[in-house]
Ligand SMILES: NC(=O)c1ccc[n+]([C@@H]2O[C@H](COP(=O)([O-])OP(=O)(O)OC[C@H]3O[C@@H](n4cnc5c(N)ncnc54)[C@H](OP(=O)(O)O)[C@@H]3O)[C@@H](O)[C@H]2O)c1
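Consider the single chain below, provided in structure tokens and representing the form predicted alone.
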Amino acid sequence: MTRRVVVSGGGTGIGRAVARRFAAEGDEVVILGRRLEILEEATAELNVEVGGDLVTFRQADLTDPDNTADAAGAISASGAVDVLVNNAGGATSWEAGSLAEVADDWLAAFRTNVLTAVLLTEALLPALRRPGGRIIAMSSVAAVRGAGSYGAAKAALHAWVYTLAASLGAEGVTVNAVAPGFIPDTEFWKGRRSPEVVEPRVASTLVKRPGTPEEVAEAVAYLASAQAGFTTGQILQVNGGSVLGRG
């Protein structure tokens, strides 16, 4: 059965790999993001890669309630949504000086990583297929290892996943998160791939290599599958063993 899949932040990096993974299976995929040029380019290239017109896009600022509602309404108008992957997010500044800068950093981290997931999910809940719907949030190893405002925002997603899983379980909808470790081939690490950054992160893994967006996409694909119907309220770590056994 062809599924309808929505991937936020689907124009680059992990989100793009996730979109490719679903489209390669013949699913219809809608990617969301703020940057029109990135979305247009990704959509065209993904459709060439999968040999069809399975990928479409919708431009949206998912930190804005009205913009999110408009995007969700357009998506819902075309039918039920089987899989929602909340991948939009990213780091803000790594350092802040004044209290005003600290406040801006933390608010931006939560808007970018938490609000984007919460607003889009709430907007699409009426359209989510029941039973069988799948909601997957993109967390990070930073949520369990610590990394300032970014790690705190990703950790907040875990609490949200647990709450949402409990509220939707009886309807046959699963809610989980994937927490990647060091995945350098993403915009998150763009401009920061020096040996001083890469080498200690690779050394901290048990497999002694970085991960790839495609490996994260495989974890997402499993959680979205029919076979994962008994898995909900979980944090799936994909970090090469850099952090053991914590969700």
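Residue positions are given as counts along the sequence shown, with the first one as 1. From a predicted model like this one, the values you see are computed outputs, not experimental measurements.
A second form of this protein, the form predicted together with this ligand, is not displayed here; the remarks below concern that form.
- In terms of contact with this ligand in the predicted complex, the residue from 149, 174, 140, 121 that brings a heavy atom within 4.5 Å is 140.
- Taking non-hydrogen atoms only, residue 233 never approaches this ligand to within 4.5 angstroms in the predicted complex.
- Remark: residue 12 counts among the residues lining this ligand in the predicted complex, judged by a heavy atom distance of 4.5 Å or less.
- Among heavy atoms of residue 134, none comes within 4.5 Å of this ligand in the predicted complex.
- Taking the partner from elsewhere, residue 53 is found to have every heavy atom lying beyond 4.5 Å of this ligand in the predicted complex.
- Only one segment in the set 217-225, 26-34, 44-52, 202-210 has any non-hydrogen atom within 4.5 angstroms of this ligand in the predicted complex, and it is 26-34.
- In the predicted complex, this ligand lies within 4.5 angstroms of at least one heavy atom of each of the following residues of 109-123: 112, 113, 116, in sequence order.
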